[in-house]
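First comes one chain, alone, set out as structure tokens in the form predicted on its own.
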Amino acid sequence: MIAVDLSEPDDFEAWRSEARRLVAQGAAPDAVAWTDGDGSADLFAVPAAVSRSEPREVRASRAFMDLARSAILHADAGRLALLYRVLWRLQDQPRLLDDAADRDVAALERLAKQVRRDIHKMRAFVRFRSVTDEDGERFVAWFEPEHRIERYNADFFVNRFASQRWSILTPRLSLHWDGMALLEGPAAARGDAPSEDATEELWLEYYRSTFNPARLKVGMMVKEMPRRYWKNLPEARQIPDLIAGAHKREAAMIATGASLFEDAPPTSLKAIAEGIAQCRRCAIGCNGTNAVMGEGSRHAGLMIVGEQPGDTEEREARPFVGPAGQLLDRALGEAGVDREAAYVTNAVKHFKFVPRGKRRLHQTPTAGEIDICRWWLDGERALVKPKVILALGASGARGLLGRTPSINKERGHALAQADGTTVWLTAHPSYLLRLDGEAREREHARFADDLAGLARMLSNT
């Protein structure tokens, strides 16, 4: 058995050098025992020394190198052997990484994905607190990464906080930036970092004020902010109370939106068109864009409700005439639903966007903006009196239901409403346009199934 010991477990260049040499000299994976600074040595292994009369050329694709740079940071002790085994196999199977079902490839992808997630979590959840030492103010943070990502993330924090003196303490090592140079120190303990500082209450107040109960999805929140990080996040102690009061706050937001309208409900679609053209009750109505009125039969049995007009719709002053509308038209036609017989509109009547040069990029409206504009949608609904309403996406559904539903859980189901209409939920076609590969095929099929179900329901009404 050939022993290869890396002095540092996250030293990719050292692993690369040793691996290339061993592959070139013909050392098979089962003949090599890898250890690192965090592991224990094989008692029966001998120092690496392999001879081969004609060293082989070593090949490694960019894709493999990118995966390897991430995977080597994983805490799994078997990662070095896995990396070497994949590199060895690549010499005879250059397209090995294309086989997602291969056990080694799947394992390597999984390690790299977990490391990349940990890198993101460190960047998102490091919380600095101010302390004073002999050189003045320093910001200190405590973080417990799952993997060996501290050195990899160092440049990110140096670039982001270049003008400040800071330290990041972890159970494996510590990083210290003095404004000029990055220094590395020994492992630390949680008690070495301050528990709070004078600015903490300001941050907590900001967090409370920006918490949007209408967008609350506890499962998604825990997925993105795992509970293991909560003990080191000052805002985490606010989360239980904010969740508990979310429904109450959401109801208050809806009531506030409705109270802005003291006029009598509009008595015609023309009155709604004139009203939305002048509406300035939210920031979207004040952004200088043209309002887009719904269109279609005054007595349509089907109403289709999207999120908001897009760039093309705002320019042409018609709903669903851009790429998403064209996709919707094709899908409705394939399902046997006549769009020309429907009334088509949006939950929000103006185009919310952010400028990027000459382009205008779509920006999702907030729950509060949807709730304010709901007054106009309710007016259209009361005048058209559809039997069935197709809601496209969560924003369109919120304009109809007064809550933000989970599309994946509630799509393709008939939701009976107090006014006698039935709401049918599906994804917004713009979502489908952003997908590719297998995800695109899968979601297009689900969308087609939803519209086929809509067609069956319409035939029975």
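Note that residue numbering follows the sequence shown and begins at 1. This one's a predicted model, so the numbers in the text were calculated from it and none came from an experiment.
The same protein also has a form predicted together with ligand URA, omitted here; what follows describes it.
**Q** Is residue 307 close to ligand URA in the predicted complex, meaning a heavy atom pair under 4.5 Å apart or at it?
**A** Looking in the predicted complex, residue contacts with ligand URA include residue 307, since a heavy atom lies within 4.5 Å.
**Q** Does residue 343 make contact with ligand URA in the predicted complex, using a 4.5 Å heavy atom cut-off?
**A** The answer is no: residue 343 has no heavy atom within 4.5 Å of ligand URA.
**Q** Quick one: is residue 105 in contact with ligand URA in the predicted complex, heavy atoms, 4.5 Å cut-off?
**A** Residue 105 lies outside the contact set for ligand URA.
**Q** Please determine whether residue 320 contacts ligand URA in the predicted complex, using a 4.5 Å cut-off between heavy atoms.
**A** Looking in the predicted complex, residue contacts with ligand URA include residue 320, since a heavy atom lies within 4.5 Å.
**Q** When ligand URA is placed as it is in the predicted complex, which of 376-384, 145-153, 320-328, 108-116 ends up with heavy atoms within 4.5 Å of it?
**A** The contacting stretch is 320-328.
**Q** In the predicted complex, which residues of 157-185 put a heavy atom within 4.5 Å of ligand URA?
**A** Counting only heavy atoms within 4.5 Å of ligand URA in the predicted complex, no residue of 157-185 makes contact.
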